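This document opens with one chain alone, in structure tokens, the form predicted on its own.
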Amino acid sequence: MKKILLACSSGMSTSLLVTKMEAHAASIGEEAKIWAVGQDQAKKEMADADVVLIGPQMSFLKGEFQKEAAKYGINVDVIDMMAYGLADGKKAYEQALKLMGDK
């Protein structure tokens, strides 16, 4: 099962994207746990994730998040701006998979 953590300022703006990503994963027959949290909670939840995607409004925190994620051997990236803006679950899911590599 793939475990994808989304982080945004409050955890609210990514909730629609989570739903769309889950729907895409199900449509291609993959099991995935995808959840969204606010930036304060994200560092605590990283230990349970295979990858972390952060909202574009938090791009300035990428380095800080990557440093924390390195402890768990996972990658962090900013959600593609178009995927985020359009709540494109397929594109965001594929971005997460690419970051995970062979996990």
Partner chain sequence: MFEKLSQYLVPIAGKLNNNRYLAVLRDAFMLAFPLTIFGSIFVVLTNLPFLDKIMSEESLNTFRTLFGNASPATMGIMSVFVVFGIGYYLSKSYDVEAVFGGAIALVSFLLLTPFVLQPENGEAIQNVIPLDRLGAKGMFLGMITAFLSAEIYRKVVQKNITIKMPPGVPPAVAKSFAALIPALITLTVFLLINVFVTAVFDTNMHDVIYKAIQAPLVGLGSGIIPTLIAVFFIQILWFFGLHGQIIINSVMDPIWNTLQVENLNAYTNGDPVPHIISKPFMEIYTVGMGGTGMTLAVVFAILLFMKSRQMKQVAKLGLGPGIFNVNEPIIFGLPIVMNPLIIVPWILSPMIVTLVSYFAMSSGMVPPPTGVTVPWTVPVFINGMMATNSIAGGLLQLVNMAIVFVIWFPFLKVIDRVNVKKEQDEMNKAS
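If you're wondering where the values come from, they're calculated on a predicted model, not measured in any experiment. Residue numbers count along the first chain shown, from 1.
Form predicted in complex with the partner chain: not shown, discussed below.
Any chance Y84 has a heavy atom within 4.5 Å of the partner chain in the predicted bound form? Judged by the heavy-atom cut-off of 4.5 Å, Y84 is in contact with the partner chain in the predicted bound form.
Check whether G38 has any heavy atom within 4.5 Å of a heavy atom of the partner chain in the predicted bound form, and answer yes or no. Result no; G38 lies far from the partner chain in the predicted bound form.
Decide whether S13 counts as a contact residue for the partner chain in the predicted bound form under a heavy atom distance cut-off of 4.5 Å. Contact with the partner chain, yes.
In the predicted bound form, is there a heavy atom of the partner chain that lies within 4.5 Å of any heavy atom of E64, even though the partner is absent here? E64 belongs to the contact set for the partner chain.
Just to make sure I understand: among 50-64, which residues lie within 4.5 Å of the partner chain in the predicted bound form, judging by heavy atoms? The stretch touches the partner through P56, Q57, M58, S59, F60, L61, E64.
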